[in-house]
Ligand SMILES: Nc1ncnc2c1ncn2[C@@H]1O[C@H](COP(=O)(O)OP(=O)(O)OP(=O)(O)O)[C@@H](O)[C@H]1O
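In C-alpha cells, the next block holds one chain alone, the form predicted on its own.
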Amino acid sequence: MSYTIAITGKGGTGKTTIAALIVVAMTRAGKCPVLAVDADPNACLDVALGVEAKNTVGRLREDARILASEHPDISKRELLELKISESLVEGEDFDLIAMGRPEGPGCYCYANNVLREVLKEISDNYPYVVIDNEAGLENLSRRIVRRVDALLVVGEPSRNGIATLHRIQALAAEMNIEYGKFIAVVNRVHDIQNTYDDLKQKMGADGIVLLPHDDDIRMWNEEGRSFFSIPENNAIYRKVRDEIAAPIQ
C-alpha cells in the first residue's frame, strides 16, 4: 500500500508550491519513487518539478472517440493502459501524471473518473503518492483515491484564511473523507508564534505547519524554475522537509 498525501485549500494559497517541495524533500531523503499527481486542471505541478506533462488524462474522451472509430476491437482496459503510458512523465526518482483540462464541455466528471481508474491501476507501484488537488474538496469527494493518509489543507494567515481552514476541516468530516492525519498549513506567515498559539487553541489538527513569507519562493514561481534546484537552507523548504516530509515513514 502506498502512503498518500493530498494537498488542498483555497486557490492562490501556494498548494502547488508545497506539493512540489514535498516531492523534492521526499526524493532527496530517499523516499522514492514518488508518484506526483496534478489533479488540478489549473495547476502547473509539472513546471514546479522541472518536467512537462504534454499528455493528460483530460484528453482521453477525444482520444477514446478516435481510437474507437479507428480500432473498434480495442478494450477499455487496453485504452486505459495506453493512456497511462502516454500520460506518465518520468522524472528522476519520481513520476508525474496530470489531469489537465478536459476537451469539450461537461468533461470534468469524466476526466476525474479516468484519473481515479488510472490511480487505482498504478498507485500501488509507488510507496508514496503526492496529490495536488484543485481548490476545495471536490476531487476528494469524488474519491479519486481510496484513502488519504495525510490531508494537508493550505491557508493564509488572515481571519478569512483561518476560517477557510475550519470550513474545509468541517466539510471533510461531513463528506466522510477518510484520512489518517489532518495537517493545517498556513502560508506566508509574518507572526509565527502568535499564529501558532491561536491555531493550536482553535483547531483540532494533528499537525500545524507555519511557513514564513519568502521572496526566493516567489521568485522561483515567477521564473517557472524547478524546485529541485531549491537550496537545502531555504527557510520554507526546511520547514516542509522537517515538519511534513520527514515524519512520513
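All values reported here derive from a predicted model rather than from experimental measurement. Just count from 1 along the sequence shown to find any residue number.
The next section is about a form of this same protein that is not shown, the form predicted in complex with the named molecule.
Undergrad: When the named molecule is placed as it is in the predicted complex, are 27, 226 and 230 each within 4.5 Å of it, taking any non-hydrogen atom of the residue?
TA: Checked in the predicted complex: no contact with the named molecule for any of the three.
Undergrad: Out of 135, 162, 88, 122, which one falls within 4.5 Å of the named molecule in the predicted complex, going by heavy atoms?
TA: None of the others qualify; the residue that does is 135.
Undergrad: Using a 4.5 Å heavy atom cut-off, state whether residue 221 contacts the named molecule in the predicted complex.
TA: Heavy-atom contact with the named molecule at 4.5 Å: present for residue 221.
Undergrad: Taking 4.5 angstroms as the cut-off for heavy atoms, does residue 46 touch the named molecule in the predicted complex?
TA: No, no contact at 4.5 Å.
Undergrad: Does any part of residue 34 reach within 4.5 Å of the named molecule in the predicted complex? Heavy atoms only, please.
TA: No, residue 34 sits far enough from the named molecule in the predicted complex that none of its heavy atoms falls within 4.5 Å.
Undergrad: Does the 4.5 Å heavy atom contact test between residue 185 and the named molecule in the predicted complex come out positive?
TA: Because no heavy atom of residue 185 falls inside 4.5 Å of the named molecule in the predicted complex, the answer is no.
Undergrad: Go through 194-202, 176-184, 50-58, 210-218 and give me the stretch that gets within 4.5 Å of the named molecule in the predicted complex, heavy atoms only.
TA: Careful reading of the contacts points to 210-218.
Undergrad: Residue by residue through 3-35, which ones have a non-hydrogen atom no more than 4.5 angstroms from the named molecule in the predicted complex?
TA: Read in sequence order, the residues that approach the named molecule (within 4.5 Å, in the predicted complex) are 10, 11, 12, 13, 14, 15, 16, 17.
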